[in-house]
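Only one chain comes next, encoded as structure tokens, the form predicted on its own.
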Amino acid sequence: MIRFAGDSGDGMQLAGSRFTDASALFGNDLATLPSFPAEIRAPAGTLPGVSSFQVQIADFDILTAGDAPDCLVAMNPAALKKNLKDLRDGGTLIINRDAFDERNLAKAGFDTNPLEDGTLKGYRVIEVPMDELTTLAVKDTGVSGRDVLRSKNFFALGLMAWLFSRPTQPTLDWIDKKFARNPAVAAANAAAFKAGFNFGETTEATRTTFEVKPATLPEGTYTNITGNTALAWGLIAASQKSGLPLFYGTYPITPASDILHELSRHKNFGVRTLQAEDEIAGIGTAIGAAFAGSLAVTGSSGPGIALKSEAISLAFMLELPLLVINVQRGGPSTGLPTKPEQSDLLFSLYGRHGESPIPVLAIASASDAFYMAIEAARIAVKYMTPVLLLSDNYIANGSEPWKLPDLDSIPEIEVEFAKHPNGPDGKFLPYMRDFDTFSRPWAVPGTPGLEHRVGGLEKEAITGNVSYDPANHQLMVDSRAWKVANIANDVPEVEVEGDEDAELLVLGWGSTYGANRAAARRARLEGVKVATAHLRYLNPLPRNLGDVLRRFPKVLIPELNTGQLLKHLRSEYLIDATGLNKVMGEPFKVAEITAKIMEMTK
């Protein structure tokens, strides 16, 4: 496990991403955890301005970015102070010695220099004058002024490439391509990268280097992918498989914005993206696109979903297919915009006015985002309903190797537009429901004979006329609710992994997937019998979930909230489950869940 940490202007995300991509090309299995400051530009050298990127690489299947890094790169005192507590005992610490001057030490809150006062006793410390060596490396490349030290992240990256026996050519090729329009910057970054690698090799900065061999993975073509990118690609695949043009109407918000950025690159697939003036306008355009016969999507994070809630109820009332993506972050309000949390579950299930239940799905990992986007689109189109798809900041910005699927193996999404009037006397009945799905017909505006009324007022069953009749309102509320509940018969049953005769079931949803499974693995190594299950369908819940829960004497539900799934399942099944809850703006450590498993099974 390696963590790059420095000021938000030090390029740690870039260095971590390049290390990750080189490792992926080498054939390692991996998982990443980027961490960003909440401030757009926090004061340089301060604790709030620290940015980090953690990656775990392995020659076997791994499930998380790891708990305690084995190696920490600290580019300044603030990065050291904020991250040292996580470094394992005896771990390797690479420090930019030039940054540890009196001014930076004061900004980070150090009274004495940790390089000299014994703070780092117990770690293997490699002090490197990165500022000085970077300046020497790039002096003949044509860069000058402040631009000189902007390449020091590549110096650190080169040193790490040497320490962990990473191939260097992929990074050099990337530099040439990325900075092709600025040869001086390309030359500076390449020179700094080589200088860092050569520093490690020529000075033998440490007696020990590390070699992580390629993992044995199923044969195929792989790419390193983030959750946001995988989600965008899944939406494009759903568009292709349904034959519907993809429309994404939204307003930028951390951490969902990259979905918009990625989709905007794929106009060749007929993708249309719109950056609206605000969140409400974004979902309004998406509802219009759904009415017009497109695969319509809007996306945001918690604050934006709150603004969209009235319009989500409108889409539910219109019974139109609409995908609503919620990339969760720490809340409430602006909260922790760059940190992960799972605190929007109850809001997603119940946070609309009136009786308006909609399907709610959750993504388990970065690569899972591709398939869940397709599944959300299938359900929305088949059942003529909005679908809310939950991701979170850990999934959105984390990455993992993903085997590119055989696109021919992905089932087609059947779409049937109304083409002719369906009622007596040549009338069109917009709320004449399908017998199996209870969905209403999808009539594209402009189709002769299919003119009909839409709007937020209650409609009369079958005819779609505005109705204030009490009995009709009861019927329509029940019909819409039954339609959504019936989806439980069209989704997979929940699967249990591990020991069938276990005393304890660890149940999760969303981004706890990897940590839960890894914790169960550790517990089994200690001789504990434990089973795991994971929910991707949160409304309606899988039809066999109640039977599964009742099979186990104890149920543990880890969540990055104060117990929202726990409350939901207690109300549905009256089970006495135990919650493990965390709202610290960081994902679960495997050790935290393992400790709870051991406590509940001793």
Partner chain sequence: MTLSYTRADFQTDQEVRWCPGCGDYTILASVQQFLAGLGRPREEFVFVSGIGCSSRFPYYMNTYGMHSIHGRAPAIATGIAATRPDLSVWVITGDGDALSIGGNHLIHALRRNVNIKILLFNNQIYGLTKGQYSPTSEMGKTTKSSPFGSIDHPFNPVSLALGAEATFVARTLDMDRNLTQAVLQKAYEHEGTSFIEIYQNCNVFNDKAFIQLTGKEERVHNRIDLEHGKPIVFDEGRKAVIMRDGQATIVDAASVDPKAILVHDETRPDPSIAFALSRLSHGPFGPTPLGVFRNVSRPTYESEMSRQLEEAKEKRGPGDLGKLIRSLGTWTVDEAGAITEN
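Numbering follows the first chain given and starts at 1. Keep in mind it's a predicted model, so treat the numbers as computed, not measured.
One more form of this protein, predicted in complex with the partner chain, exists but is not displayed; see below.
Asker: If we take heavy atoms and a 4.5 Å cut-off, which stretch out of 191-199, 144-152, 472-480, 316-324 is in contact with the partner chain in the predicted complex?
Answerer: In short, 316-324.
Asker: Residue-level contact is defined here as any heavy atom of the residue lying within 4.5 Å of the partner chain in the predicted complex; does F269 satisfy this criterion?
Answerer: Within the cut-off, so yes.
Asker: Report yes if any heavy atom of K178 sits within 4.5 Å of a heavy atom of the partner chain in the predicted complex; otherwise report no.
Answerer: The answer is no: K178 has no heavy atom within 4.5 Å of the partner chain.
Asker: Does R265 reach the partner chain in the predicted complex if we count a contact as any heavy atom within 4.5 Å?
Answerer: So R265 counts as contacting the partner chain.
Asker: Is H452 close enough to touch the partner chain in the predicted complex, meaning at least one heavy atom pair within 4.5 Å?
Answerer: Answer yes; at least one heavy atom of H452 falls within 4.5 Å of the partner chain in the predicted complex.
Asker: Does every residue of A306, Y513 and G527 put a non-hydrogen atom within 4.5 angstroms of the partner chain in the predicted complex?
Answerer: Looking in the predicted complex, the three residues A306, Y513 and G527 all stay beyond 4.5 Å of the partner chain (heavy atoms).
Asker: Which pick from T135, N486, N465, T338 sits with a heavy atom within 4.5 Å of the partner chain in the predicted complex?
Answerer: So the residue touching the partner chain in the predicted complex, by this definition, is N465.
Asker: Looking at A108, A502, I95, A237, which is the one with a non-hydrogen atom within 4.5 Å of the partner chain in the predicted complex?
Answerer: Only one listed residue qualifies here, and that residue is A237.
Asker: Could you pull out the residues of 395-413 that have any heavy atom within 4.5 Å of the partner chain in the predicted complex?
Answerer: The stretch 395-413, when checked against the partner chain in the predicted complex, contributes P401, W402, L404, P405, L407 at the 4.5 Å heavy-atom cut-off.
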